[in-house]
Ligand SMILES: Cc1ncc(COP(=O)(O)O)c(C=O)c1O
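There is one chain below, alone, in structure tokens, taken in the form predicted alone.
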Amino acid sequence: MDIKNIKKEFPIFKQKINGNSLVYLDSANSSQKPQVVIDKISSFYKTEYSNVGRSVHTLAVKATNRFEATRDKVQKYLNAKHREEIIFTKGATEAINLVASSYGKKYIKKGDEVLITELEHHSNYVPWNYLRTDKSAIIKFAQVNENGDVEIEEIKKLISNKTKIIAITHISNVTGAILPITKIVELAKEKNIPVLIDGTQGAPHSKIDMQKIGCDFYAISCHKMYGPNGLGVLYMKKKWVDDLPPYQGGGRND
């Protein structure tokens, strides 16, 4: 891999910071953007911009077609069975809030349990904490071992007949720990427990296949994988797309 040529694809690295070449070590927070992405966004605003799904004039039709073509590309990238399983959000945080709100509204009641881990980012804790407050639910935390990993046995130990959903990170943004998500999903399926995976680090750093992973929900933050700010993807298995109540009213429900 020719790292120098890859770096040339990112115009931000042409500048100097305090007289030195820019070194950026914060990609786990947000990645820089390659020229091809910058050019595409600029071109859309210059020549094609219109609202999506609202009008029938030429620009609106073109923008809507591009929007839906993007959904098809994401479906293929994630190997989702149905295009309807690809939901665009404002980020992974909103994607997780969507699930916590809609699933929680219908299926969580007093005393029910949500199982997460000690590795979770606030994006995969705070939404469940709100649910805990609103519904008097219980959050259980799977502990990390001395190596900073969460073992499948720890997950198995915490599952009870009150466990209504398991929400776990794919890869920790702090330690880099990789959770055994496939094994966790298989275990959850035996108990008919849905699984949400926070894939903000998993999506940029691994090949993800929804058919192999088998989870019910997978949240992605596009700005961490060379895409624009304010954009995320929620993979939601079609059974839940058809079943859960709307997260928000008005406008488009994508």
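The first residue of the sequence shown is number 1, and the count goes up from there. Treat the numbers as computed from the prediction; the structure is a model and nothing was measured.
There is another form of this protein, the form predicted together with the named molecule, and it is not shown here; the text below is about that form.
Contact with the named molecule in the model of the complex, judged as any non-hydrogen atom within 4.5 angstroms, is confined among 104-112, 151-159, 89-97, 130-138 to 89-97.
Using a 4.5 angstroms threshold between heavy atoms, residue 169 counts as touching the named molecule in the model of the complex. Within 4.5 Å of any heavy atom of the named molecule in the model of the complex lies no heavy atom of residue 33. Contact annotation for residue 123: at least one heavy atom lies within 4.5 Å of the named molecule in the model of the complex. Mapping the unseen interface onto this chain, residue 173 counts among the residues with a heavy atom inside 4.5 Å of the named molecule in the model of the complex. Annotation for 204-242: interface residues with the named molecule in the model of the complex are 221, 223, 224 [heavy atom within 4.5 Å].
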